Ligand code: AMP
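What follows is one chain in structure tokens, specifically the form predicted on its own.
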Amino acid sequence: MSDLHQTIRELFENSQNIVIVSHIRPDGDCVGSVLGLGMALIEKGKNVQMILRDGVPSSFKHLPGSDLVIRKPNAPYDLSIVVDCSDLIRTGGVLDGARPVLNIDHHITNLNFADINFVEAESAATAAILTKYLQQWGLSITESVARNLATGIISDTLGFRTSNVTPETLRLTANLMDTGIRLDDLYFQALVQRSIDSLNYWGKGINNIQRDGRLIWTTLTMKDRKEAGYTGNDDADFINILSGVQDFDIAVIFVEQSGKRVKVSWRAKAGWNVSQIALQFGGGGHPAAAGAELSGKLEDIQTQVLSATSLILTNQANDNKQERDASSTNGFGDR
């Protein structure tokens, strides 16, 4: 066992009161990782506080342990863990600025903000990292733990459809299935089942779609959210619908928040890296999926973000043209 794995194992063994947190506007990997690790530690006899500032979305409240999630710590703890979060700001301040002890993540833009940082950017999901190493860290993967971890993997890979899915991802999921979980049920609840309110919200986003060349975007305002009756402060996964539209390379969605803030999400086809755009605006993520939250007027933020995104498209198109021109005159080109 490597020194780092041994250190993490000893942290779990020697700590009794543990807090686990993740990012605001939690997605499936966030929820699945918090609950998967949390339930494994609880089953080990630890006192665990599982913290999500925005609570558990309705689509994940069927998961084991979801009823135990609270919005901020309410008791002292001797070990703090952040999972599936690239920077401390995205936890929503639930640790009151304290530096966490352990950071477990798979985002390539992770800022290594903890005392101990375990980041595997090549992993398809943070839940996949936990599936791979929990037993090595002295914890067990029971059926309840497996349901949470499988949900995290399914959600972040969009049902094993993202480019970072590897044979290992499928093997890890198969190991989780060996505990007796129903993968079809978890898939349906994470990715297929939708409320009428979320569909109404999607309708607002469809009506607001705009395009410019290979770039497509839409906007969801607070008024849209109110009229649709949607109670979340996210895009109800509409970005994944937008990213599937034909003949576009990059999709962007702007979701207006309270306090003059705007959540921006990017999705890209293979060969593009939108995480670099997100970094420009204080965000992060993966090459094919990234996000940021900005302060200011919606219209101003849209102008800035779309300009930066269009520049990436233009620059790469020019680079590709130069490569084609160079190859056409090299060896077997014009004579």
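Since the structure is predicted, the reported quantities are computational estimates derived from the model, not experimental observations. For every residue, the number given is its place in the sequence shown, counted from 1.
If you look for the form predicted in complex with the ligand, you will not find it shown, but the lines that follow are about it.
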{"property": "Among the candidates S155, S80, S86, T173, the residue which, in the model of the complex, approaches the ligand to within 4.5 Å (heavy atoms)", "result": "S86"}
{"property": "Answer option from L63, A290, M39, I51, heavy atom within 4.5 Å of the ligand in the model of the complex", "result": "A290"}
{"property": "4.5 Å heavy atom contact, G284 and the ligand in the model of the complex", "result": "yes"}
{"property": "Proximity of K132 to the ligand in the model of the complex, heavy atoms at 4.5 Å", "result": "no"}
{"property": "Contact test in the model of the complex: R90 vs the ligand, heavy atoms, 4.5 Å", "result": "yes"}
{"property": "Proximity of K204 to the ligand in the model of the complex, heavy atoms at 4.5 Å", "result": "no"}
{"property": "Segment that reaches the ligand in the model of the complex - one of 243-251, 261-269, 185-193, 68-76, heavy atoms within 4.5 Å", "result": "261-269"}
